[in-house]
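Here's a solo chain for you in structure tokens, the form predicted on its own.
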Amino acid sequence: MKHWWKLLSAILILYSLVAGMLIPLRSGIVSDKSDMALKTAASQHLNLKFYNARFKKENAEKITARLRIDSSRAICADNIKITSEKELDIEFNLAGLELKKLESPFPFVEIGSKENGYVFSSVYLSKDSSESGNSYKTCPAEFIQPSQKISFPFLNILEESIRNLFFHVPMWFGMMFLLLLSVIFSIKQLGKADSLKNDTKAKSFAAIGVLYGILGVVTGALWAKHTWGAYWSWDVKQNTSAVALLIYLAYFVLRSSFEDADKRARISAAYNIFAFATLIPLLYIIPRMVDSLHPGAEGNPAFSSYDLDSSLRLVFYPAVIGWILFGVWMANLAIRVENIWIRKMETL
């Protein structure tokens, strides 16, 4: 069991691939607008289209719909009509609701059933709406219980592309870990200039780290096409990531510029330390200082507790560990190939 971690990496990657692709998304409200405005306080008619829902007309009486207006009050739907497997007509009567006294103008629409769990979306209640008429019909304010089946959260912008979380983000985690190991070996090389073993390790880990970085950019571009509408939007995070990779690609160009092995090892080690030092501001500081489409930037937080919920964590963290271990495995193979090449050149 000397190489148990290699087996572990294979198992974790296989698990993340299978689970990440096969676990279904929860039902979700699909809307062209982020806020479905309710312009008046008279009888309201909402048409809600769902994603990944299975509504059967014979089960209409099993579906409940509420408009949660604050922490203690919820309005029951007057009428629920199933128009298709993924579409409902829901009617709310808000007459008599004192909108000006609401805790928030953004209440939640909650729809739930035993078969489908629950979904929710915020709507906007205009403060100047009429407040006359019959009283609205209240219902219990307890939250609808979610389905116990494992599923991933549905987000209108991401939809099925949320599964890219298990591939795009682990690439960057793996890249940072591999490049950190590379710079550690470069520091050791400067301290022990009588051997080139650390230089070989630094080069190999840097190569696999850059490969992970390229895969991270590619998977990010595919994700950007779905969510932002273009493969490359010149977003600050995309630009700084590209610059960081170019700096590391220059590391390999620099290595090829020296024939003397000792000189190449020393200068490459010094450059590797510089290259790694630039990663921190390029990937983690500059993008947070300016507006960006990418999660984690100013005004655009990274995955929240809802986005990265328990079901996503069950696949995400094993994927990160698996890809990191797999990267170390590939780097070790690269080191062995490099050592074989060095011995071959020494015999010539």
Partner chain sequence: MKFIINLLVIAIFTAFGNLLKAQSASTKSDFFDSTGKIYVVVAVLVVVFIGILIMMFSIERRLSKIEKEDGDI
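Numbering follows the first chain given and starts at 1. What you are looking at is a predicted structure, and each value in this text was computed from that prediction instead of being measured.
Separately, the form predicted in complex with the partner chain exists; it is not shown, and the next lines address it.
**Student:** State yes or no: in the predicted bound form, is some non-hydrogen atom of L246 no more than 4.5 angstroms from a non-hydrogen atom of the partner chain?
**Tutor:** L246: no contact with the partner chain in the predicted bound form.
**Student:** Looking at the partner-bound form in the predicted bound form, is F173 within 4.5 Å of the partner chain by any heavy atom?
**Tutor:** No, F173 is distant from the partner.
**Student:** Heavy atoms within 4.5 Å of the partner chain in the predicted bound form: does Y51 have any?
**Tutor:** Y51: yes, in contact with the partner chain in the predicted bound form.
**Student:** Any of the heavy atoms of D78 lying within 4.5 Å of the partner chain in the predicted bound form?
**Tutor:** Flag for D78 set to no.
**Student:** Could you tell me which stretch in 236-244, 203-211, 181-189, 262-270 has residues with non-hydrogen atoms within 4.5 Å of the partner chain in the predicted bound form?
**Tutor:** Of the options given, it is 203-211.
**Student:** Among S113, N93, S151, N164, which has any heavy atom within 4.5 Å of the partner chain in the predicted bound form?
**Tutor:** If I apply the 4.5 Å criterion carefully, the residue I get is N164.
**Student:** Using a 4.5 Å heavy atom cut-off, are T219, W223 and W323 all in contact with the partner chain in the predicted bound form?
**Tutor:** Every listed residue reaches the partner chain in the predicted bound form, so yes.
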